[in-house]
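Have a look below at one chain only, the form predicted on its own, in structure tokens format.
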């Protein structure tokens, strides 16, 4: 091995360590979050609805020109219960509850992202037409 190879390997190891530490810190920060959490629902990239994640069970229908989805909020998490998309990958994702987690239904252009109080912006139940 040449001298430059050692430098290259060292840089790669340092970069990998940096990204690993950043990922672990972000994951722990999401676990420690004790404020209100919300699910921000967008359809085709536009805000559709913001749902507070509560312990009580509630269902929310999303009927758009792209398709039908049914979300269920329960025990502080949210999941896609039904969808008329052909692959049902959004249903297989299951429940999300940590900040930054997402559920995406590409055929119906629906995205659900978990955010906290600071990220939410104070608006609730915005509905796009």
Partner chain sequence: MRSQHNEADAALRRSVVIAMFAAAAVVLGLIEAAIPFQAAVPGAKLGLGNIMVLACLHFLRGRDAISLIVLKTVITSLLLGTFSSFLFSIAGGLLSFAVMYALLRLGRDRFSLIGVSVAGGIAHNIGQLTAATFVLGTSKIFYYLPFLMVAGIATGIFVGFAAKTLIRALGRLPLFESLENPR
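Quantities reported herein were computed from a predicted structural model and do not represent experimental measurements. C-alpha atoms forming the largest set that superposes within 1.5 Å between two forms make up the rigid core. Numbering follows the first chain given and starts at 1.
Just so it is clear, the following notes concern the form predicted together with its partner chain, a form of the same protein that is not shown.
- In summary, the region of this chain contacting its partner chain in the predicted complex, judged by heavy atoms within 4.5 Å and restricted to 32 to 40, 69 to 77, 94 to 102, 52 to 60, corresponds to 94 to 102.
- Residue contact check for residue 89: one or more of its heavy atoms lie within 4.5 Å of its partner chain in the predicted complex.
- Residue 44 belongs to the set of residues with a heavy atom inside 4.5 Å of its partner chain in the predicted complex.
- For the chain shown alone, residue 116 is not a contact residue for its partner chain in the predicted complex, no non-hydrogen atom being within 4.5 angstroms.
- Taking its partner chain as positioned in the predicted complex, the residues of 1 to 18 that bring a heavy atom within 4.5 Å of it are, in sequence order, 1, 2, 3, 4, 5, 8, 9, 12, 13, 15, 16.
- Relative to the superposed core, residue 14 shifts its CA atom by 2 Å or more between the shown form and the other one.
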